[in-house]
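The chain that follows stands alone, in the form predicted on its own, written as structure tokens.
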């Protein structure tokens, strides 16, 4: 075991972990408020990555502005999807699952048709390396960590310190009571979808320059997001943060020191966790009522 790699492994784990936190937090918000498992959430992440390619790489829009544009564009698309597709069937579990899966295939196929199936490369907006602690760190990955922390800090402030955040939490806890207080359940569900998809889009922009951009990014993203919310707890925002960081560090340390056996150990850990804590580390057990 090469201990000299530990600082870099920690940085990589934090970078991937914060990216998972962004994606899973968005999925958690949508699930907690709308009660819909949005299996197309990964495709919104994919669209964010294409925003990085077309806005930043092709049009020359500044990178930070590209992040804001991606959050806005993908978030508005998510709100439209909620209004047209999900709202009429929001109370029906299986139909909503079928629609979400169909939407995932539709968005991936449409992206392949519009943008082409070829892989695309986004130039690093922050090239260079930083030497510290006896290790070499990618400036780009450190910036990704910083931006992700800032975005999550803004989300925390929105949820905990604003009137909108209180309304969102009220709908998540008890829809009927929130409605009696004059809160629009439909409006909060629509806003939550916009926030959730916007977070996925932000993650796509952040990871677009690090990985290859293509129309089928979404499948792996939603898979990782589901792992995160299972680890942290369904519907728990602190659980999404904990689960995302945990997954990031497990992958970083595992792939560096254990290689391909990492996935086997990860799923063994998840299996044991579900046996003893079905609700995840910080969540509760959800019961589907027919």
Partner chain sequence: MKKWLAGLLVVLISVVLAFTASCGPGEGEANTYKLGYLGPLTGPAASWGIPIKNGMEMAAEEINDAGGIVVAGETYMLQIVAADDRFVPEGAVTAVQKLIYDDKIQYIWGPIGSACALAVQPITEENRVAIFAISSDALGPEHPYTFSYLSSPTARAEVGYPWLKQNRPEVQRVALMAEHTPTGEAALEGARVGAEGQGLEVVAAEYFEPGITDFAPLLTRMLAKNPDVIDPSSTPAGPFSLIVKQAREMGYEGLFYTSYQPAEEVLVVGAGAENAEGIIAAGGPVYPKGTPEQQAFYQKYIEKYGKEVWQEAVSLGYRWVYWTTLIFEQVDSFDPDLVVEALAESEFEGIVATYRFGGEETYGIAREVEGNQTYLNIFHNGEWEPLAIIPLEW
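Because the structure is a prediction, the values reported are computed rather than measured. Residue numbers count along the first chain shown, from 1.
Separately, the form predicted together with the partner chain exists; it is not shown, and the next lines address it.
Undergrad: Give a yes/no on whether residue 236 approaches the partner chain to within 4.5 Å in the predicted bound form, heavy atoms considered.
TA: No - in the predicted bound form, heavy atoms of residue 236 and the partner chain never come within 4.5 Å of each other.
Undergrad: Heavy atoms within 4.5 Å of the partner chain in the predicted bound form: does residue 258 have any?
TA: Yes, contact at 4.5 Å.
Undergrad: Would residue 252 count as a contact of the partner chain in the predicted bound form, using a 4.5 angstroms cut-off between non-hydrogen atoms?
TA: Contact with the partner chain, yes.
Undergrad: Does the 4.5 Å heavy atom contact test between residue 174 and the partner chain in the predicted bound form come out positive?
TA: Contact with the partner chain, no.
Undergrad: Specify the contacting stretch among 83-91, 180-188, 214-222, 154-162, defined as having any heavy atom within 4.5 Å of the partner chain in the predicted bound form.
TA: Contact criterion met by 214-222 only.
Undergrad: From the list 121, 72, 101, 149, which entry has a heavy atom within 4.5 Å of the partner chain in the predicted bound form?
TA: None of the other options qualify; the answer is 121.
Undergrad: Quick check on this chain: which one of 167, 142, 107, 210 has a heavy atom within 4.5 Å of the partner chain in the predicted bound form?
TA: Going through each option in turn, the one that passes is 210.
Undergrad: Within 8-26, which residues come within 4.5 Å of the partner chain in the predicted bound form, counting heavy atoms only?
TA: 8, 9, 12, 16, in sequence order.
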